[in-house]
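There is one chain below, alone, in structure tokens, taken in the form predicted alone.
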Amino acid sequence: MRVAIIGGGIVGLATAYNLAKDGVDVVVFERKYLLYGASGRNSGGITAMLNNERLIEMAKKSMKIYDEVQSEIGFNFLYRKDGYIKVASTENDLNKLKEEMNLQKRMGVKVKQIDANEVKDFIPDFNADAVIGGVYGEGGVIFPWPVIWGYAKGCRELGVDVKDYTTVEEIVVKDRAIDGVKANGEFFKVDFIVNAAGAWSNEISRMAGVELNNKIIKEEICVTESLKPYLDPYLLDVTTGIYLSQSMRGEIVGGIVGNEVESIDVKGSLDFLVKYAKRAVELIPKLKGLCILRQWAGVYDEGKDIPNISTTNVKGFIQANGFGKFGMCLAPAAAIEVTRLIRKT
């Protein structure tokens, strides 16, 4: 059996790695370089503090896999388990956090409610007047670049052919079944295709004659000059969508949860910087006056079902997309689901 995976992000590479461990012949096609898509442009927040049972279970499993696969591959993902804090500044948002917290507790996630002043126990200089409360739970930050590099290393060592700068030009379908892929002018005979192309998944689906209609979400992020490390947990303000964390080098990495766009666009904007900087300083006054060193944007896809792991009406064409903002949290567990789905199809 030979499987082609379209997309060299965390979902595609984790799936390739799992399939290769299972003895499958795998080829990965990435149209740019391996960190070009959302997997190389996100802030690396990892948590099981999610809002439904399936996502919570997948996140818990993924966090465990991240621990194990680093040793298995022999690559450090720079995974810090310093906690995850969600805060709110409206009663409605705080009530939603409480409802989610109760579900998370029932699912075995270590999480607790904290008041505004208690946030200061975790984040020095936090402005308690900026929120009305929040929740604290297990989670942290993983550095996306080593995750991708590590999985790529593991894939190649297992014989996976990882082809970067290789554009899929055509998906060949015969009698409503996958026959192969044409990429960079070359034909590859395969039995299965996994569509792990993220924001490009709609385009890849159309090549196979399958309608997908995932939303495209654009998210902007920036990084500041370094401070002495002091911000341990990952912080998300659910009311405004602002999030913050600190890298091991002391930089403050933060952004705003994305919004739907009609087409793929990775240009940064001044509007983002103004909105982000204003709220970040309200939350943590110590950040005032820091220089922004770099800003960027990324795009990801969001499916009707998050994530979308499914067969289609074209035999051998498998969807592994629609992860929304949870790709890093869910991908390792999702890869196991995709492998099982292929094995039983």
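Residue indices: 1-based, along the sequence shown. Fair warning: this is a prediction, and the values are worked out from it, not measured in the lab.
There is another form of the same protein, the form predicted in complex with a small molecule; it is not shown, and what comes next is about it.
Ser39: touches the small molecule in the model of the complex, heavy atom cutoff 4.5 angstroms: Output for Ser39 is yes: heavy atoms within 4.5 Å of the small molecule.
is_contact(Gly198, the small molecule) in the model of the complex, heavy atom dist at most 4.5 Å: Looking in the model of the complex, residue contacts with the small molecule include Gly198, since a heavy atom lies within 4.5 Å.
is_contact(Ala16, the small molecule) in the model of the complex, heavy atom dist at most 4.5 Å: No - in the model of the complex, heavy atoms of Ala16 and the small molecule never come within 4.5 Å of each other.
Phe77, heavy atom within 4.5 angstroms of the small molecule in the model of the complex: It does not: once the small molecule is placed as it appears in the model of the complex, Phe77 has no heavy atom within 4.5 Å of it.
Among 55-63, 293-301, 308-316, 277-285, the region lying within 4.5 Å of the small molecule in the model of the complex by heavy atom distance: Checking each option against the 4.5 Å cut-off leaves 293-301.
Joint contact, Ala20, Phe143 and Val223 to the small molecule in the model of the complex, by non-hydrogen atom at 4.5 Å: No residue of the spot touches the small molecule in the model of the complex.
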